[in-house]
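Presented as structure tokens, the chain that follows is alone, the form predicted on its own.
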């Protein structure tokens, strides 16, 4: 496999050095692996901290900034960050109003964020946590007990981040984060396997002419493998999966997300099919976001995430945001 890297062992710090050089409005501690919004903590504002294994960019570092995260903790590729990173991030963003940890449901992330919350509270930081578990494809996987946390992480970070930016107290910010997770569902499809720098090749075998329905963002197995399908057929399966599980009775936010190697030409075509299927299921779409946001290195494929949005959530979605990967209204 050809990769644009120096050596596998330095992929994450090399990327963080580049991130620091480009995004000078953020403070990037390459050695300790914490990305913080410059100027934090903000007086009276709840701090939002998230993180996870590298390889899912722009999640999470690309969502640090006004109206989203206050700090992010990148781990090694597909590996949870360690508690010391999270404690350091919490201390850096705590204004006295408390800190919300946003945690995807993967075993390592959950254990380490739980430990970090205890350590931060010992240091006088009030911590609340929300677990994101929106993936309807499987109940348990190689990395989780229960459903995996995937595309809804973006919705949680954006909507809770907007509330924090407005000065909402910790209990309200946490309640919004929990609400968003409860009304969000995701389903992913892989057209090819991802390749990690350490392995130097595909992490799983996906034969030519087949796809994986319900794949996880680390390449975990999904519901089934089938012969290659058209964009419209894939949309039928993905939309049916999320709609049948959520059964929305209000307009939804829609994320049509690329897994890392799918070009926008294909993603927009897929988005058209997703809109078609949602309309046929009588699900109104209030807002749509298309692009590579919650990725799996170089995996080809896409995921569909819906979030049932009331007027308050729509207002928070439209609120200004200014991060490396998401920006409007500023």
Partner chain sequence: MNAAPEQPELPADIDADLLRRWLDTATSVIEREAARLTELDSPIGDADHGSNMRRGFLAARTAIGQEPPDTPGGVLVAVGRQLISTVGGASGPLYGTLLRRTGKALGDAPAVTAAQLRDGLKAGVEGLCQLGGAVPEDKTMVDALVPALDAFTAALDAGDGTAVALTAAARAAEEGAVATTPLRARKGRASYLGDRSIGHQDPGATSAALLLTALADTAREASSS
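Positions refer to the first chain, counted from 1. None of these values were measured; they are calculated from a predicted model.
Omitted here: the form predicted in complex with the partner chain. The next part is about that form.
Student: Looking at 238 to 246, 154 to 162, 99 to 107, 178 to 186, which stretch has residues with any non-hydrogen atom within 4.5 Å of the partner chain in the model of the complex?
Tutor: Contact criterion met by 99 to 107 only.
Student: Taking 23, 65 and 95 together, does each of them reach the partner chain in the model of the complex with some heavy atom inside 4.5 Å?
Tutor: No residue of the spot touches the partner chain in the model of the complex.
Student: Could you check which residue among 91, 138, 250, 229 gets a heavy atom within 4.5 Å of the partner chain in the model of the complex?
Tutor: The option sitting close enough to the partner is 138.
Student: With the cut-off set at 4.5 Å between non-hydrogen atoms, does residue 127 touch the partner chain in the model of the complex?
Tutor: The answer is no: residue 127 has no heavy atom within 4.5 Å of the partner chain.
Student: Even though the partner chain is not shown here, does residue 172 get within 4.5 Å of it in the model of the complex, heavy atoms only?
Tutor: Looking in the model of the complex, residue contacts with the partner chain do not include residue 172, since no heavy atom lies within 4.5 Å.
Student: So, residue 258 and the partner chain: in the model of the complex, are they within 4.5 Å at any heavy atom pair?
Tutor: Residue 258: no contact with the partner chain in the model of the complex.
Student: Is residue 192 close enough to touch the partner chain in the model of the complex, meaning at least one heavy atom pair within 4.5 Å?
Tutor: No, residue 192 sits far enough from the partner chain in the model of the complex that none of its heavy atoms falls within 4.5 Å.
Student: For the stretch 187 to 207, I need every residue with any heavy atom inside 4.5 Å of the partner chain in the model of the complex, listed N to C.
Tutor: Heavy-atom contacts within 4.5 Å come from 196, 198, 199, 203.
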